[in-house]
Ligand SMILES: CC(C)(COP(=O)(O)OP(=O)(O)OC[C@H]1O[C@@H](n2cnc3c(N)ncnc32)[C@H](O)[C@@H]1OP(=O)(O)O)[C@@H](O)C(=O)NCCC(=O)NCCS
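Only one chain is included here, represented as structure tokens and corresponding to the form predicted on its own.
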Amino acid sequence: MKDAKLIIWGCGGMGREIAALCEILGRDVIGFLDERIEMHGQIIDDVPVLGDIADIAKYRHEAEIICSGVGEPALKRKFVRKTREAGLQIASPLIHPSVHVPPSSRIGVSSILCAGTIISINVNIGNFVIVNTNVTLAHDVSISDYCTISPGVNISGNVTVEEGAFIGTGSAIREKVSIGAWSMVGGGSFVKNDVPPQVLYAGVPAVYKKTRAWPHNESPCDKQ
């Protein structure tokens, strides 16, 4: 529903940025969702924190939920699951007016494209992805569900970013590289080789730093 009211998961910095983007787009944000009890009932940037997902049942038929209001990929996936289990509608993607999406490119459900982003041809962005400000995605880039691409990242052609990966601010990814699922690239890094799943890479050039846990202690076989 193009004119549906919107509720945003997360009332931190990313959620507030999305609320500001909604204002630019002329969309009505009626509240934030937050699991923290102490946040319930607070007003953040003139927007009320409505509570957790169980507290908004009355909006079931009049609002859609933005599940990408946090940068942490595992939290995004958790919020998607909670929203679906509650039977609430998930919002369409939100794209800043400055961003041109070529006809050959695809943007998935509830993904966010922020100001200054450049999308080239045949770019595939999955569901619940954040592409933050001033990011460049060159030709034939593929970004899977739940990924977060931080401000100022440059991703060259034919790069694959697998599910749940997090690319830190100001990083650069060379062409034909793959970033493994649920891995993290540290801010300011230059990635010249494939990054395996479930690791932290950082530096210039980026190298292995440590292994990361699968989200919510799941193994790859348990992921849904």
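A residue's number is simply how far along the shown sequence it sits, counting from 1. Only a predicted model underlies this, so the values are computations on that prediction, with no experimental measurement involved.
Just so it is clear, the following notes concern the form predicted in complex with the named molecule, a form of the same protein that is not shown.
Asker: Can you confirm whether Y146, S178 and A181, the three residues that make up this candidate site, all sit within 4.5 Å of the named molecule in the predicted bound form, judged by heavy atoms?
Answerer: Looking in the predicted bound form, the three residues Y146, S178 and A181 all stay beyond 4.5 Å of the named molecule (heavy atoms).
Asker: Please run the contact check for P151 against the named molecule in the predicted bound form: heavy atoms, 4.5 angstroms, yes or no?
Answerer: Residue-level check for P151: yes, a contact with the named molecule.
Asker: A20 versus the named molecule, in the predicted bound form: is there a non-hydrogen atom within 4.5 Å?
Answerer: A20: no, not in contact with the named molecule in the predicted bound form.
Asker: Is G12 part of the interface with the named molecule in the predicted bound form - any heavy atom within 4.5 Å?
Answerer: Contact check for G12: no, nothing within 4.5 Å of the named molecule in the predicted bound form.
Asker: Does the 4.5 Å heavy atom contact test between N132 and the named molecule in the predicted bound form come out positive?
Answerer: N132: contacts the named molecule in the predicted bound form.
Asker: Can you tell me which of 37-45, 61-69, 155-163, 182-190 lies within 4.5 Å of the named molecule in the predicted bound form, counting heavy atoms only?
Answerer: Residues of 182-190 come within 4.5 Å of the partner.
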